[in-house]
Every structure is written in C-alpha cells, then in structure tokens.
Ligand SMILES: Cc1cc2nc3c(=O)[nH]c(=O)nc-3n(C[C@H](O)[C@H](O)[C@H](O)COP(=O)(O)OP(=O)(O)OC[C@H]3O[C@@H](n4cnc5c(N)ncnc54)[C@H](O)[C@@H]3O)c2cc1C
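In the block that follows, a single chain appears as structure tokens, in the form predicted alone.
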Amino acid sequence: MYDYDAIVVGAGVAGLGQAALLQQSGKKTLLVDRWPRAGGRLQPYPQKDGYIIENGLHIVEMGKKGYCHEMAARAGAEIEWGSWTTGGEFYMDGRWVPDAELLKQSEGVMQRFVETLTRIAAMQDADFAAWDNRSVSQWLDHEGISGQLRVLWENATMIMTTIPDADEQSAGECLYIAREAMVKCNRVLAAAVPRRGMLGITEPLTRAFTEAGGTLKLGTVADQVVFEGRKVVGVRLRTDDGSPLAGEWRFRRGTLVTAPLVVLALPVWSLKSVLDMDPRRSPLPPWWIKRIRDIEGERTGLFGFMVATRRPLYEKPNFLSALSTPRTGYPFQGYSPTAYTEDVAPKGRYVLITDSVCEPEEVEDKFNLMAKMEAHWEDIKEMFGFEDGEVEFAWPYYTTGCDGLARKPGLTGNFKPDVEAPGVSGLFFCGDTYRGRGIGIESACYSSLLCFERIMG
C-alpha cells in the first residue's frame, strides 16, 4: 500500500502544473519543494507597500495563446493577463530605435523580412529538427541575411535564447519560437505579463492543486528517489528538525514516503541531489547518466536590477534589447512590468527590470560580477535617463540557468532529455531542461504537458 499515487518534486511552474494535472486526474498527489514558498525560479515576493518583487526578468512567451495558459486551464487554474508586447526597441547609437524604424532604414529590408517570416510560418516540426544541431549564424548565412536585417534577427534570437553569440544559438529552437509567434500572434516575438506579475501564475496553480485535494509540503527537502530493483517506490524526504548535527555536521535523517510514480520537476543539474548517478549503483542506464553529466553545465547567465521609481522610466509594453551596452559590452534585455500591468506596484510608482546576458562563469566569479554590476548600473542610467536620487529601490539579481538548458545547437528538440526515464519504471521529468520547446516558462509548461500525457498514456 503506497502513501500516495504520485510524488512531484519541485514546485516551480512545471511542477505546480504537473501536480495539479495529476491530482485533477484522480491521482492522490504530494508536491514537495525545499523553499518556503511555491514558484521555483518564478518565486514572487509581495511587499507590504504594494510592490510585487520578482526574482529576475520574467515575461511569458505567447501569453494566453501559449502552453502556460493551456496547462493552467487544463489543471483548473485561471490566469488573468495584462498587456501584450506591442513590439520591440533596440538601443543603438545612444537611443532606442523601434523595430519598425530599423526595418525601414534600408530599401527592400521590410520586403525581405516579410518574405522570410512567410517561409518560417509555413515550416513544419521536421524542419525545425533539421536545424536543431545548427546555429542561427548558419541559418542567417543560408538565407543570405546581412546588414540591418541580420542585426534585427540577432537581437531577436538573443532574446529567444539568452545566449550572446549567434554561433551558439540553436537555429531549430529559434525558428520554432518565431513560427509559433507568427502563426498565433502575427509577430516574431509575442509575450505578455499576468496580472500581479508571476504571482498571477503561481497562486492560481497552487490553489488549483490544493483545492483538488493535493498535499503541498514546502520547506521540505527531497533527499533521494528510492528504487526496488528498477522500479520507483518513493522519495526519502527531510525537514529541518532542529538537530545541531543536521545543521553543523550535515547529518541527514529522512523519512521514506512511498508512491509508484515520481516526477522530478528539477533542472538536469539538480538531479544528482536526488538520484544516485554512479553507474555502479544506479538503476539508470550508464549512457543516460553520461548524457546528463555531459549537459548539466550547459546554462546561461545574466545579472541586472529591478528598479522602482516615482516616474516611469519606460512606458510602452515593449521588450527592450541591445547586442552590446556601452560599459559591460554584453547583450542587454529589459522591460517595464508596470507598462503591462499596474498592479505590480503602488499607485503612482513604476518598475523597470533590466539585465545583461553573459556566460555562467562570468557571474560565478564574485569579483567580476561586482565590477560588471557597477558597469550595468551606469549603462541603464544612461539608457533610461535617470539619476540615483530618483530611485526608490534597486534590487540586484543574478542567476545561471535562468531559461533552463542552454538553447544551443545539439541541445534542443529531441536532443534534450526525454520526460520519461529510460530503463526504470515510474520515474518521469518535466521542466525547461527536458523535452519541449519555447522560451523559459513556455518551455517548462510544454514539457509538463508532454510529461502528463506520457504518464496517462
């Protein structure tokens, strides 16, 4: 007799959706997460003064037309959306240039752009698979795209991948993202922000799960997935019981909670914390273990600020980017949440979120990060025209793995790990480092739906 029908480890957006879907389908489900609040990399922090602080730059690809909305709806959760992106602006030569202006700067660029989009909109899934192992630079060369049009595409694909160099971006993934946006929204990039920011996603999903009878245990560490032979039997869980040995000497003491089905909604680089990855002991195939080890370091990095002011620094629901900023030399991303939904800040206050895109090792070097943070701050002061004294607060943040597995050639589409573990029974995965497509949240939700469908047969 099992304690539960299913255990989901990780209460990020993929895990929340997966747990709610399983519970709604009739499976008695336990959802556990080590953090004291649900949301994972989307954890929002409502403040007493009315601000809703995010732990990074989050915007949801495809909005109500994407997999995040579909997953939530199927799980019994309703997401209320704010504004859609209306376009993009690029920081070039000391000013913000609208995408439409960039297209009109050279004769014939707009026509060529439209022709390229028409071809992308007609592409099939097999076409993307053929480009998954090739770079955006190779695709641009194949299409004969140069000049301002190439700059436009390189900005767009940097946003899609959070990877600075077009030689390192998967063409298959970027073409898929562009096709979905074109077919569903008639634009290259389409995104929206929920009402109340990411709280507008995590709260409805959490409520849908618990109101359906699901059990949520936060502040709970999953220590180990337990097998009998090649069959999952549960997860060993641990909470802080106040023991000085547990804190000082890292003595681990856990309790086995049983279930015939375990879904790990964790990134591939966290699997070694719950799965024995030594081929001499693990029930998982050696080839699979090697693959996970080979790719677990493939992440992206970024750092930036969430800035609050008493006047709007930017008022349009646009996504902002640059291939290089004056001082950091890194690609730039940004947007104003209050331009999409006013309820993430008190009345009369405004929020701007910015970041610089870099390699993971550049944020893992503390002293490099400190220097680059200072340079980024001076960059955004110049780009948005504000002084230090106008700022109510500026929360710094940095991360690696912000968008899951790096969307590089050979790491997208069917090159990503499958949602079902090979060679064992009852172990599944979901999230933005597994099979699925799209940017960040969209990829995670796509993966969660694939995982659920595989489980249910």
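Small disclaimer: the values here were computed from a predicted structure and weren't measured. Numbers follow the displayed sequence, beginning with 1.
We do not show the form predicted in complex with the ligand, though everything after this point is about it.
- Task: Spell out, yes or no, whether the shortest heavy atom distance between residue 439 and the ligand in the predicted complex is within 4.5 Å.
- Result: Yes, residue 439 lies within 4.5 Å of the ligand in the predicted complex.
- Query: Taking the shortest heavy atom distance, is residue 63 within 4.5 Å of the ligand in the predicted complex?
  - Reply: Residue 63 lies outside the contact set for the ligand.
- Task: Tell me, yes or no, whether residue 58 is in contact with the ligand in the predicted complex, where a contact means a heavy atom of each within 4.5 Å.
- Result: Judged by the heavy-atom cut-off of 4.5 Å, residue 58 is in contact with the ligand in the predicted complex.
- Query: With the partner left out of view, is residue 9 within 4.5 angstroms of the ligand in the predicted complex by any non-hydrogen atom?
  - Reply: Yes.
- Interface segment, criterion being heavy atoms within 4.5 Å of the ligand in the predicted complex, picked from 30-38, 410-418, 45-53, 387-395: Going by heavy atoms within 4.5 Å, the stretch is 30-38.
- Task: Would you mind picking the one in 220, 135, 300, 336 that has a heavy atom within 4.5 Å of the ligand in the predicted complex?
- Result: The residue in contact is 220.
- Message: Considering non-hydrogen atoms and a 4.5 Å limit, which listed residue (325, 148, 270, 116) is close to the ligand in the predicted complex?
- Response: Result of the distance check: 270.
- Item | in the predicted complex: members of 394-413 within 4.5 Å of the ligand, any heavy atom | Result: 397, 399, 402, 403.
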